[in-house]
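One chain follows as structure tokens, the form predicted on its own.
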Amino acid sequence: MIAGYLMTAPALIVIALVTLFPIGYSIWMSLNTITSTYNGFQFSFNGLNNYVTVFQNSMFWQALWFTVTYAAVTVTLELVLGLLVALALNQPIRGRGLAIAVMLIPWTLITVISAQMWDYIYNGIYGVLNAILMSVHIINVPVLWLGSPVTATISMMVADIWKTTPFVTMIMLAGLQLIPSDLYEAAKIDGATGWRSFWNVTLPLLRPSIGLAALFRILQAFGLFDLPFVLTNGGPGTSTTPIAMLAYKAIFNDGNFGTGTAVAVATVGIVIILALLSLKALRTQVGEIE
């Protein structure tokens, strides 16, 4: 036992230095008023004052509401689309390997690069989207897709769904391939139609994969930063400012290090609660199947 701890000690120390220490230091920063001086940063302990300031600020609740709404819509659509694509790719069709490889291209692109590409697509002057819609007479004049809160939010969601649906699809496809074919044969013998086989066989056995995909995507959605940073910079106004960007602007734009880290720590707390709830639901699903 002692030998095992000694062998894993170097790795545990490295993990503590790169994860636990930054987390602890961030919590300490959130409990202080931090001012920049010629000699560095000066810390002045103020307890929970930064958190009181954050929770009393309407911007925090607006950013939190936007993040929750954004996560709920995008994750739901990604799960539905990912499941449909996975069901199609699970069939014995020719070129399935090529289709999977092409499908993974959006996921492998760096988000900043794909966001810049979507910025060109949505551009109100020379954007491809306006050119296509005007050529088929759906719109008569160019639309500033990133110029209003509603269209900017929808545009961001479309870009996010395009990029992350392949990730969800791969998790779903792995889950589908783990389902024994004997179950479908037995259901067919019992007279089950394709829809009943999906509802009574596929969906129950796929719930752990769905829960896992949802967990990963919810956690990623709460860390949303680079996509709105490139496309809208949180605008118009503050309508597309997620909670991660709110912390960034408080720290780097306004120089409010204590308040910014308080936003970040509060976000981590919310994410931990969501992760625990999702893991509990996931364990329940697995237990029901077993």
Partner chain sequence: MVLTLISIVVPTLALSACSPSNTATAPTKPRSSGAAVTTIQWAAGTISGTGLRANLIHQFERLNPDIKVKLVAEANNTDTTRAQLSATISGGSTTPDVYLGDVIWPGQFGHQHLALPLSDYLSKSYWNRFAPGLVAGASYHGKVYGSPWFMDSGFLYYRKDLLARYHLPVPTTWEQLKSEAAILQGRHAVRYGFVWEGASYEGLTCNWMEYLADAGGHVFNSSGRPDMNTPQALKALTFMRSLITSGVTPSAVTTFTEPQAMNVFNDGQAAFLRNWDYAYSNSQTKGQSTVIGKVAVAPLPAFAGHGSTGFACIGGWDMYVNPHTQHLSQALRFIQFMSSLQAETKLATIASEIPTNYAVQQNPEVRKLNPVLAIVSKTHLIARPSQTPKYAQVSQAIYTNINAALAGQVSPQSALQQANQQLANATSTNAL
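Positions refer to the first chain, counted from 1. Since we're looking at a predicted model, the values are computed, not measured.
One more form of this protein should be noted, the form predicted in complex with the partner chain, which is absent from this view; the next part is about it.
> Quick one: is A250 in contact with the partner chain in the predicted bound form, heavy atoms, 4.5 Å cut-off?
Replying inline: Answer yes; at least one heavy atom of A250 falls within 4.5 Å of the partner chain in the predicted bound form.
>> With the partner left out here, check for me: in the predicted bound form, does some heavy atom of S26 sit within 4.5 Å of the partner chain?
In response: Contact check for S26: no, nothing within 4.5 Å of the partner chain in the predicted bound form.
> Taking 4.5 angstroms as the cut-off for heavy atoms, does G255 touch the partner chain in the predicted bound form?
Replying inline: Judged by the heavy-atom cut-off of 4.5 Å, G255 is in contact with the partner chain in the predicted bound form.
>> Although the partner isn't part of this model, could you tell me whether W199 comes within 4.5 Å of the partner chain in the predicted bound form, counting any heavy atom of the residue?
In response: W199: no contact with the partner chain in the predicted bound form.
> Just one of 170-178, 71-79, 95-103, 118-126 has heavy atoms within 4.5 Å of the partner chain in the predicted bound form; which?
Replying inline: The contacting stretch here is 118-126.
>> Where, within 30-47, is there a heavy atom within 4.5 Å of the partner chain in the predicted bound form? Residue list please.
In response: The stretch 30-47, when checked against the partner chain in the predicted bound form, contributes S36, T37, Y38, F41 at the 4.5 Å heavy-atom cut-off.
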